[in-house]
Ligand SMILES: NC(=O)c1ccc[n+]([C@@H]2O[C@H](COP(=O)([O-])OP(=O)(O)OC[C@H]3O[C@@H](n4cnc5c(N)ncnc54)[C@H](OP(=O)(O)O)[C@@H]3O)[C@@H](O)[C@H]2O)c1
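Given as structure tokens, the chain that follows is alone and in the form predicted on its own.
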Amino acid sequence: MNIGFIGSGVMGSALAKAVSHSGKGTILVSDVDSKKAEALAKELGGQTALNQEIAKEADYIFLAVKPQYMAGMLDGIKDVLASRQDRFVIVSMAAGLTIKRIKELAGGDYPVIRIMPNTPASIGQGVVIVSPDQLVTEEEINLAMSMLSPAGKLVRLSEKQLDAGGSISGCGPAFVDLFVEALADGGVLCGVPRKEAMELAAQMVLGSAALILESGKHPGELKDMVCSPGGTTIEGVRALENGGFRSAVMEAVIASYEKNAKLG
């Protein structure tokens, strides 16, 4: 089986590596920057190809192109897609572009799966939201999810839920990065060396997230377990609430979701 990636940017490379680890087929890579494509193909033991070659030969065609460039890219391969007599599946990771819009740009009613990955997928600790249309068979969905499983946790959502979910898991790493940086800055201000402050903050976030998932307890319950009466933690929580912390996080998710709606 040939698995093609058109685009080898941050997310395209991360998912290509994950799919390569699944051992499901030969990886074909194209990119406007041929050196990037060559480097990725060499790393994965795959092959470089032109967009048109991937459109002609790949069983799964991953579109790792920014939304603003999708129309031009698909215009360049839609005649090749139309000439195919065999079955293939298009997998788009472009934010804001609906399955219907991808089909319009591709020039045909092809089977399409929308996915929304995040950057931790590059180390196998990511989240990939999967949203297939009705033309994709269960067998094809299962195969796609098997290919993507080395990237991390897979969550299947309806397309109408995908953009909202992506605003949490796809945009969320940037929000968490800001939080970790701010925690470390606070530690530095209080006298902790920068390197150690960053390690403390990052490991704390990692462990806290694992505890939520593994314990099954509500985050509020876990928060209460740390907040002793009259203690230091509840004083910090008070400071966060005074700063509108929870509201700011909610607004960040909403802002990302509304921006998604404008990209199509």
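Only a predicted model underlies this, so the values are computations on that prediction, with no experimental measurement involved. All residue numbers are counted from 1 along the displayed sequence.
Below, we refer to the form predicted together with this ligand, which is not included among the displayed structures.
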From Gly231, Pro67, Pro219, Gly236: within 4.5 Å of this ligand in the model of the complex by heavy atoms is Pro67
Answer key, this ligand contact in the model of the complex at 4.5 Å (heavy atoms) among Ala95, Val89, Val130, Val180: the residue is Ala95
Within 4.5 Å of this ligand in the model of the complex, all of Asp31, Met73 and Thr119 (non-hydrogen atom) | yes
Answer yes if any heavy atom of Gly170 is within 4.5 Å of a heavy atom of this ligand in the model of the complex; otherwise answer no.
-> yes
Residue contact check: Val10 to this ligand in the model of the complex, 4.5 Å heavy atom | yes
Counting only non-hydrogen atoms and a 4.5 angstroms cut-off, does Lys56 reach this ligand in the model of the complex?
-> no
Contact between Asn51 and this ligand in the model of the complex at 4.5 Å, heavy atoms?
-> yes
Within 4.5 Å of this ligand in the model of the complex, counting heavy atoms only, one of 202 to 210, 38 to 46, 57 to 65, 219 to 227 shows up; tell me which.
-> 57 to 65
